[in-house]
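Here's a solo chain for you in structure tokens, the form predicted alone.
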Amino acid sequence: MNTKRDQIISTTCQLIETQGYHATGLNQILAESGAPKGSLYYYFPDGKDGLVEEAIARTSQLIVARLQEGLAAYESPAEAIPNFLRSLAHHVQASSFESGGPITAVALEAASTNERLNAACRDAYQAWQKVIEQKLLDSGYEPVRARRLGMLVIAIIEGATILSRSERNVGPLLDAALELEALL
């Protein structure tokens, strides 16, 4: 991290992923990032919403990069996508089931009442779907089918991640990987 601003965003990303949007307070973000109190409104004059919007955008960019890297490792989507889920399962388990689904809490807690955050979540999910869709298109899937499957894959990833975290067991992610392998 280069700047206090980066540290604040990074800390926000982590806290929202592990404890949710409403449970993450500005004072906790400042304390854990080591940033002085005045720096929050200096860098984020819109307050928590502006900060969370940027945290979602950063998280989305990281997930896009991870998806692209993971999918590029395999030629076939039937191999690439399930292996991405297996990798995600390892990540979720290694975090003691505290990580995974980095914008899910915002999407569930705030997006229905906050159009700004809803748009940020929607943009993130659409960006992830586009990565899956492009992999499918590159493998010869028809555009409409690739778009639908891209949405389905993201829905399965998000749902299986929620189940794995709540059950404290990677079984749902691994089962989803097997089913996606058969589907694709």
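Just so it is clear, the structure is predicted and the values come from calculations on it, not from any experiment. From 1 onward, residues are counted along the sequence shown.
Although it is not shown, the form predicted together with the DNA is what the next lines describe.
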_Counting any non-hydrogen atom inside 4.5 Å, which residue from 118, 139, 126, 39 sits next to the DNA in the predicted complex?_
39
_Partner-proximal stretch of 41-49, 58-66, 144-152, 118-126 relative to the DNA in the predicted complex, 4.5 angstroms, heavy atom_ = 41-49
*Please run the contact check for residue 24 against the DNA in the predicted complex: heavy atoms, 4.5 angstroms, yes or no?*
yes
*Contacts with the DNA in the predicted complex, stretch 100-138 (heavy atom within 4.5 Å)*: none
